[in-house]
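The form predicted on its own is given below as one chain in structure tokens.
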């Protein structure tokens, strides 16, 4: 069973400016959806609404499995997650940072350690498990954020400009991580980026946000 997402007629205004205009799209197939468009066009706002962090002014967000609506509750929020362009970290080890999401879900001990190790291996940071997270580079910190998302096994992973502030080496690693997630059928991935070349490299479904609407390519 695949968790699907439908956005229907989403409108959102900030400080009198209309950001999203009758924005609609359905994410019902597994794979990588890439939403591209100029900086400030509303991509991040759309992701925050999809992940139930913000409410639209009007319109609806629906999650479903096999056509059956899924209630918007804490259980749903545990099935989706958003990684922001600037990942916040705690002043403790990389291991404890990644384990945080498991801890608040009551998962600890050997299971937590094994899941964290697997997630860090996937993002090529296992060798930094015992290092203080504050000492990581910006690219490594972004990969930590992805590991922290993956460790809770989300069904839909949202990545907002995941390589916007990282170097070329880490950009390549992060792109490989995303493609490997598809290879392993780990989650449906929805990414925003202003980099058209990156969008073409990653996308199974390429979308453009223009004048507050989503247009499939």
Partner chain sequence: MFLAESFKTAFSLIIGLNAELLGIILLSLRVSGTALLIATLLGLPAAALLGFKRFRLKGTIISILHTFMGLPPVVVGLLVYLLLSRSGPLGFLALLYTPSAMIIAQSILAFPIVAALSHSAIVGVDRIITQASMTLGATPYQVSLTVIREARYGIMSGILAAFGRVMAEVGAILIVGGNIAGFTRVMTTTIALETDKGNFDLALALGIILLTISLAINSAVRLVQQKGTAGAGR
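Remember, it's a predicted structure, so these values are computed and weren't measured experimentally. Residue numbers count along the first chain shown, from 1.
We do not show the form predicted in complex with the partner chain, though everything after this point is about it.
- Checking 164, 53, 65, 61 for any heavy atom within 4.5 Å of the partner chain in the model of the complex turns up a single hit: 53.
- The closest non-hydrogen atom of residue 126 lies beyond 4.5 Å of the partner chain in the model of the complex.
- For the chain shown alone, residue 107 is not a contact residue for the partner chain in the model of the complex, no non-hydrogen atom being within 4.5 angstroms.
- The shortest heavy atom separation between residue 138 and the partner chain in the model of the complex is within 4.5 Å.
- Although the partner is absent here, residue 89 sits close enough that one of its heavy atoms falls within 4.5 Å of the partner chain in the model of the complex.
- With the partner chain left out of view, the stretch that reaches within 4.5 Å of it through heavy atoms in the model of the complex is, among 182 to 190, 146 to 154, 65 to 73, 27 to 35, 146 to 154.
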